[in-house]
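First, one chain by itself in structure tokens, the form predicted on its own.
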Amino acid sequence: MAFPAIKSGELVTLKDLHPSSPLFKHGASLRVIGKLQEYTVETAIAIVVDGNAILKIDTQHLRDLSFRIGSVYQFIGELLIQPDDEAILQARVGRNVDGIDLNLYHQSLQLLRQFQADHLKNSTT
């Protein structure tokens, strides 16, 4: 019996996740980072923010991860789109990344995307 391959989480910012974005797809495997704004133990739902962008994270499958409001976390999981276009990331991996320079993180992500676009353009010509 073959098991479906687990896809790597594509690096995205919370600002990238809006209904008109090509990344906003049900089942998309994503990696996000944000500051914990709220966590509800009863539902295992975390709310992370990055600037004015917000994303709900379902953390029910995570173990040995303690949540502190104001700390920065990185999650890898699958995006679930609700009928009202609300997105929830079903996290399969989560970790505290306090101390990360978010401005530098965003700059490096932008440079990575630029490199990948240039590489793709050069490989097709």
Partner chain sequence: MDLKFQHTYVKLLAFDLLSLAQTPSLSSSDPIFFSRLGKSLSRAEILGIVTTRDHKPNKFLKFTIDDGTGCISCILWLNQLTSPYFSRRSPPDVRLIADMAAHFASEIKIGVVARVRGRISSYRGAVQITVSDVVIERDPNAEIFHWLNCIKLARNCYGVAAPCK
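Positions refer to the first chain, counted from 1. This one's a predicted model, so the numbers in the text were calculated from it and none came from an experiment.
We do not show the form predicted in complex with its partner chain, though everything after this point is about it.
Quiz item: Taking its partner chain in the predicted bound form as the reference, which of L80, I100, I54, I45 has a non-hydrogen atom within 4.5 Å?
Solution: None of the other options qualify; the answer is I100.
- Using a 4.5 Å heavy atom cut-off, state whether L14 contacts its partner chain in the predicted bound form. Heavy-atom contact with its partner chain at 4.5 Å: absent for L14.
Review point. Do I69 and its partner chain come within 4.5 Å of each other in the predicted bound form, heavy atoms counted?
Key: I69 lies outside the contact set for its partner chain.
Is it the case that Q116, even though its partner is missing from this view, gets within 4.5 Å of its partner chain in the predicted bound form, heavy atoms only?
Taking the distances in the predicted bound form, the answer for Q116 is yes, it comes within 4.5 Å of its partner chain.
* **4.5 Å heavy atom contact, L23 to its partner chain in the predicted bound form** => Taking the distances in the predicted bound form, the answer for L23 is no, it never comes within 4.5 Å of its partner chain.
G9, Y105 and S108 - do all three of these have some heavy atom no more than 4.5 Å from its partner chain in the predicted bound form? Spot residues vs its partner chain: full contact, yes.
Requested in this report: Sequence order please: the residues of 60-97 with a heavy atom within 4.5 Å of its partner chain in the predicted bound form.
Outcome: In sequence order, Q74, I76, R92, V93, R95, V97 come within 4.5 Å of the partner.
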